[in-house]
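Okay, so here's just one chain, in structure tokens, the form predicted alone.
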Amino acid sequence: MIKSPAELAEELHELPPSSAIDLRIQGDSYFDAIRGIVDIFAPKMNVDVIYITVAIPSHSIIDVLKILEIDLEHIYFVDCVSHIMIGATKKYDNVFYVESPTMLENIMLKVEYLMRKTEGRNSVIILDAINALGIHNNMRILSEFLHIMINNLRAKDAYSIVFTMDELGDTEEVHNMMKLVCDTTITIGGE
């Protein structure tokens, strides 16, 4: 079981580009997982990060990354949750909004746009979190979306990291879906 951000980054570094990873986050290891990917792994591999937010609004993640003094230059967000929340959010140049987590095609289009925008650099795409996306979508449609998106990213040699968060509920249906599309499962946190 992975215990630290550095250990997670090392485990990811051993995987080839185009890998799809089910990152199972247990306990309070959420920000350790993010730090391991965006602060250690991505800079070491010289890749851009495209972070799809479904569980937490992008501005909350950006605030934490700033506190941790993580460089945001090569980190882009596709924010699927801020639009449906009540209240004004901060505006950032590296955040692209999708009106709802049910608009799966728009999520794919934003990711495609960002990959073209940063052409010449490889990417790591983080989907945070599949459990949260499952709350808003039919499982059959979600499974199709995930399959199409990951295969598209594989063709572009992008790393795909899909968060599965135990605290959001881990159903057998989600677990089976992840087994079908991901090459490996890495667990961070827990005992």
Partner chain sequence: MASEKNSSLERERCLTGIDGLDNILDGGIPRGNTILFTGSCGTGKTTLSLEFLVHGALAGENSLFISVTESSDKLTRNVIPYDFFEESLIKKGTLVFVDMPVVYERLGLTSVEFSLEDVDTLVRALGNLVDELSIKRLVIDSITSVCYRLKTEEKIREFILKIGKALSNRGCTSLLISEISPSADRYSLYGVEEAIADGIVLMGNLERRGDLLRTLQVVKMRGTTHSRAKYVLDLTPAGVLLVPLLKGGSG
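Positions refer to the first chain, counted from 1. If you're wondering where the values come from, they're calculated on a predicted model, not measured in any experiment.
Same protein, other form: the form predicted in complex with the partner chain, not shown, and the subject of what follows.
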Would you confirm whether the three residues Phe31, Ser58 and His83 all fall within 4.5 Å of the partner chain in the predicted complex, going by non-hydrogen atoms?
no
Does any heavy atom of Asn122 come within 4.5 Å of a heavy atom of the partner chain in the predicted complex?
no
I'd like to know whether Glu105 contacts the partner chain in the predicted complex, with contact meaning heavy atoms within 4.5 angstroms.
yes
Glu144: heavy atom within 4.5 Å of the partner chain in the predicted complex?
yes
Heavy atoms within 4.5 Å of the partner chain in the predicted complex: does His136 have any?
yes
